[in-house]
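What follows is a single chain, given as structure tokens, in the form predicted on its own.
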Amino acid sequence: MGNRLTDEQKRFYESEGYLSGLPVVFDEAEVKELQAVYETVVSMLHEDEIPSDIMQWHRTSKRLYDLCTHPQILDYVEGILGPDFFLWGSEFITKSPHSDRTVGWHQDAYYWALAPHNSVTVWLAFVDVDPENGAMQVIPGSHKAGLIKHQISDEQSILSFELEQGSFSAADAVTLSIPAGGMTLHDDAIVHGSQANRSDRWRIGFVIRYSSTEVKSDMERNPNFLSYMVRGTDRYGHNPQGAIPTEPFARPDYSKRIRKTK
């Protein structure tokens, strides 16, 4: 049996909108395997692509699909979303050494054509992540404010939009340091962002998105949306279902260069 969230952890998540400090999911040997997976996928990129273009490869690569459906990860997510939920998104979020690129303060739900807002993001660290290499920061409790107005980002941010100044206090930010093989959880409406990587090390994270089954995608806004039931039963049938991949690694045939949403 894997670890399950305690009632105290569930209450903290409900109140603060995030959860960190969970036991490490993958040990040192398994982290090396994860890093080998990352290197394999990076080796398949085209010349004009970068690691942060690795988006939605769980749809075509069984190795990444299996990672997204790892029982321990799903156990933690179930503690937040309940017994019925689906997988719909994954991507690598990376920062090279001495990169000046930032992630402006924002809310995930602002970008997503999903309703109602009941989604959880897993941030899985492939290497040690800390303030020096640009760890994610969150504003505790900000998920309770609903969606906040965004504006066009500055040129250093990898996002198209970020929160307007004065809509929150950066002084309240908490930095989520994560050891390699560890993970955090955060709500789709929590305000978060990250600073530049000032270290000599890469920051490599794998982000996985899950939603409870009552959540529906607006297919007019996102016609390529696919869901994968990973726990429980879909009593709603709101979203198209994807087929589980069979190839260990394969490029999605719909890959497009887009400005990162995270």
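Numbers for residues come from their place in the sequence shown, where the first is 1. Small disclaimer: the values here were computed from a predicted structure and weren't measured.
One more form of this protein, predicted together with a small molecule, exists but is not displayed; see below.
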Region of this chain that lies against the small molecule in the predicted complex, out of 207-215, 34-42, 59-67, 223-231 [heavy atom, 4.5 Å]: 207-215
All of Tyr110, Asn118 and His143 within 4.5 Å of the small molecule in the predicted complex, heavy atom check: no
Sole residue of Val103, Leu114, Leu185, Ile178 within 4.5 Å of the small molecule in the predicted complex, by heavy atom: Val103
Residue among Ile93, Leu81, Ala189, Leu74 with a heavy atom within 4.5 Å of the small molecule in the predicted complex: Ile93
Proximity of Asn197 to the small molecule in the predicted complex, heavy atoms at 4.5 Å: no
In the predicted complex, Trp123 touching the small molecule (heavy atom, 4.5 Å): yes
Leu87, heavy atom within 4.5 angstroms of the small molecule in the predicted complex: no
Ile139 within 4.5 Å of the small molecule in the predicted complex, heavy atoms: no
